[in-house]
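Next come structure tokens for two forms of one protein chain, structure 1 first, structure 2 second.
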Structure 1
Amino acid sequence: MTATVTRAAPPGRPGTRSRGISRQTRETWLLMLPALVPVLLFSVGPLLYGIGLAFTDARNTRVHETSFVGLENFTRLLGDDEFWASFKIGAIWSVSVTVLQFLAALGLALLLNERLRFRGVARVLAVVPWAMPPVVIGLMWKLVYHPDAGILNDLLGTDVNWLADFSLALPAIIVVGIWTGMPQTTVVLLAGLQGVPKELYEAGHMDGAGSWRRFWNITLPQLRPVIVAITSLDFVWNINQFGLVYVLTQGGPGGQTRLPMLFAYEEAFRYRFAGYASMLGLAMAIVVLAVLGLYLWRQMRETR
């Protein structure tokens, strides 16, 4: 009887795995470089530079020497009444546009999800504002609101200067914000609606549930993850809005439409306080992240 001896495989060379990075990892990083380099140069780099400026007294002048001031800009921000006024306006703007935009987009998505005649044409027309740059939209709506030649005054038979009226300017730009952001919200909600299983509606119909009960008990629960995602993105986009409002009113009249980003822009490029403007941007980013984090946490908790 012959005993068979199985020899263990010879161990690899010591230090083979720990020496450097594997070939696959190197190739992965090499393929990612074309995408990573622009992100690092144009996103991460300016972000870190802006955070650093927030703790200095930097000015947009050649003769000023920048020095570190710690939390002095933050202290100034807390006592700045103009900032808090713009923050209040920004909160009204972002919440109003996000909520009303969602409701309008949900109604339009439900309509476009039905088997209507010329539904394809209607879907194309619904996303037209999405293809237009904010500057073009601002100029177009500026003509709509024009006190003398505007189509809105012609339809209503009035001569109101919508964008120069202290009480009407903010509601007027909120309408523009809703119209501008509704297409992408509609597209996302429409995609979510098409992903709801038809069997759920058939079961609800067989149980005697009406249209409203099917919408409340089937459609909304199925759309909850989509709703959380799109409303979160809409809120971030709206609170950071700049170009559209700048073209429409430049923050006027009398600061009634001066959003926080407009206020930061004026501090940086009109008054040349680059350090203070950077602190404004940093503070707004922290506030947005905090509000968004709380909102997402509550939504996810309710989902569970």
Structure 2
Amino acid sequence: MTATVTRAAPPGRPGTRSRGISRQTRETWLLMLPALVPVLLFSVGPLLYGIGLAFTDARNTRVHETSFVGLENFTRLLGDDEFWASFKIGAIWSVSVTVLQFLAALGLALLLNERLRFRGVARVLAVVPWAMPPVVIGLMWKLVYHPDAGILNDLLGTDVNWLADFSLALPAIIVVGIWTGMPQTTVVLLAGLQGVPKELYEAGHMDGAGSWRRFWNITLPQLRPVIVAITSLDFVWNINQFGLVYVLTQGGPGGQTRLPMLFAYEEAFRYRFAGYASMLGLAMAIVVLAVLGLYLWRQMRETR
């Protein structure tokens, strides 16, 4: 049996760089190729294609010839009242769901971190919504909100059409959004809580700090990296939400729950303006990256 041993270049010396790409580098790339090709073909390729489409007047038709239109779609987007209305709804939705979801999940995680009876069962029950597909969750909540047969009206003794009311539809879907995303936030926060060194609490206790003080001065600062990570991810997931809201309201009533992704979907699939829909997607991606970048930068600066 023979074995090939590749010796790493000593530190500080670039090894075979002077002779071009090293054998090790070549082999590394070759081994990565089976994983890279699908990523390039099915992820990066379509992404670049989509970005390209955003600068054309592409339509999903057989008769239309696509041409390059430069920034025309972007200019249209800036003056599109429907888009801004949808953007505002998306901002309210994603910020509300992310913040409220975090607060509820933090409360639940703190509770589940205590030595409770049946803690194991409670932890399992808390993650049940995570196991459910968004479509099933949407259908289930549609039944809860049903004006005649819904359990909510039964409990409250009201006669409200929650998902069709202009003022209540958005709050109603925000509640569903919170319920849907809470388990994963809870699990992540719970994991973070379990990583907080016990000695810190003991020291705090000895210094006479009450539970609120211990929470504020020990738990929260210790959790900060976890909080930053999960709220950032939640924000991205929430602003990109589609399936849940599509099943619940399809953007109605009167566009009151038309999130940006629903708006883009309608442009692409209902009206078949593929170029404009791509520009919507691109613009949303840039906005999300900008907001996220700013948030992360601030949080990291405070952490330091």
Partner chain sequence: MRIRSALAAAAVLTLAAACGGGGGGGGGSSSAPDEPVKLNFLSLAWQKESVAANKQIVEEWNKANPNIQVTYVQGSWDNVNDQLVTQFAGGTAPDVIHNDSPALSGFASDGYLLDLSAKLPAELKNDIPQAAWDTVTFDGGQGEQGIYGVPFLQESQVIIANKKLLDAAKVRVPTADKPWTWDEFSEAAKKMTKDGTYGVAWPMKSPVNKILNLSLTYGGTFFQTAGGKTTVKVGPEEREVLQRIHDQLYKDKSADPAALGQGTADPLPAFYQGKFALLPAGVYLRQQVVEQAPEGFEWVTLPGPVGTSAQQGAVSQTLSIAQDSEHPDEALKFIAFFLNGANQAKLAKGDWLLPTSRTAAADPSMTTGENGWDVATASAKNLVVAPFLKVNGFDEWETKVAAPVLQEYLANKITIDEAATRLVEDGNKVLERYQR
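Structure 1 provides the reference sequence; residues are numbered from 1 along it. We call the rigid core whatever largest set of C-alpha positions still superposes within 1.5 Å between the two forms. What you see is a predicted model; the values in this text were computed from it and never measured.
Here the chain taken from the form predicted in complex with its partner chain appears as structure 2, while structure 1 comes from elsewhere.
For Pro38, a C-alpha deviation of 2 angstroms or more is recorded between the two structures after rigid-core alignment.
Taking 2 Å as the criterion, Ser67 does not count as shifted between the two structures: its C-alpha moves by less than this amount when the rigid core is aligned.
In the core-superposed comparison between the two structures, Tyr271 has its Cα shifted by less than 2 Å. The rigid core superposition between the two structures gives a CA shift for Trp29 of 3.3 Å.
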